[in-house]
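Before any questions on binding or motion, here is one chain by itself as structure tokens, the form predicted on its own.
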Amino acid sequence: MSALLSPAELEERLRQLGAERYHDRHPFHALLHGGKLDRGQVQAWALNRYYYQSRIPLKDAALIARTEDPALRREWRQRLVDHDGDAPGGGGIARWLALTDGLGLERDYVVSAKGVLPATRFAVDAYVRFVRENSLLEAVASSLTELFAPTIIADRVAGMLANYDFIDARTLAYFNARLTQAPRDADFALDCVKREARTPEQQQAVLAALSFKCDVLWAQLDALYHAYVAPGHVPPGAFVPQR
């Protein structure tokens, strides 16, 4: 990309990239939302996804620590509140633990992350490292997968409630808040990226950052599919569902 895109053209490129590479296209999600997984496979998804959820505040805190812009810090710190809550027992991480509780997983085991797949750990840790080490513009851009989150959340909630008798609305409460939080966060990040990416090189870096984040999400589902669906090779030490 050698020509400078207009802000609208950059947004169009970002949305096109998400339409092509966001993890809603992964076959594991079709199985999850379509009721094709058993309880143990859903447990494996929730357990591994917890590791991702637990590292999001670390990623956001790292971004906040790197910016000297008070407006950006004020806006971004809401993400910490969303995930960690204002008090013990609040926030998205606590709601995700309510999901794993509802699926019958021991909370101490979930929090310990002992059963997490190695590929999940590597992918998530790579995302945190990306935000710590790359430019602030790239760090902000990597969060833009939230542009595409509301659709997959709506499909997930509807599909899981319709297809699994061991899931109820209370178990899936985490996703209710994300239907408003994700669009709010994505709109702010998108405006920031469109404003601050002022050269072709910066715009290319923004697109690459979103592509990287899509790869992080896709890699986690690849790991789940390989370990728990087909051919079913669970790595040593990882969670083994009770059949």
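Quick caveat: nothing in here was measured; it's all calculated off a predicted structure. We number the residues from 1 along the sequence you see.
The form predicted in complex with a further copy of the same chain is left out here; the points below concern that form.
Go through Arg129, Arg74, Arg170, Arg107 and name the one with a heavy atom inside 4.5 Å of a further copy of the same chain in the model of the complex. Flagged contact: Arg129.
Among Pro118, Gly159, Gly102, Gly85, which has at least one heavy atom within 4.5 Å of a further copy of the same chain in the model of the complex? Contact residue from the list: Pro118.
Check whether Pro27 has any heavy atom within 4.5 Å of a heavy atom of a further copy of the same chain in the model of the complex, and answer yes or no. Because a heavy atom of Pro27 falls inside 4.5 Å of a further copy of the same chain in the model of the complex, the answer is yes.
Do Leu32 and a further copy of the same chain come within 4.5 Å of each other in the model of the complex, heavy atoms counted? Contact check for Leu32: no, nothing within 4.5 Å of a further copy of the same chain in the model of the complex.
Considering non-hydrogen atoms and a 4.5 Å limit, does a further copy of the same chain approach Val216 in the model of the complex? Val216 belongs to the contact set for a further copy of the same chain.
Although the partner isn't part of this model, could you tell me whether Leu97 comes within 4.5 Å of a further copy of the same chain in the model of the complex, counting any heavy atom of the residue? No - in the model of the complex, heavy atoms of Leu97 and a further copy of the same chain never come within 4.5 Å of each other.
Check Arg39, Tyr52 and Phe239: does every one of them have a heavy atom within 4.5 Å of a further copy of the same chain in the model of the complex? Looking in the model of the complex, the three residues Arg39, Tyr52 and Phe239 all stay beyond 4.5 Å of a further copy of the same chain (heavy atoms).
Of the listed stretches (55 to 63, 207 to 215, 189 to 197, 170 to 178), which one has a non-hydrogen atom within 4.5 Å of a further copy of the same chain in the model of the complex? Stretch 207 to 215 is the one.
Going through 130 to 149 from first to last, which residues have a non-hydrogen atom within 4.5 Å of a further copy of the same chain in the model of the complex? Heavy-atom contacts to a further copy of the same chain in the model of the complex: only Glu133.
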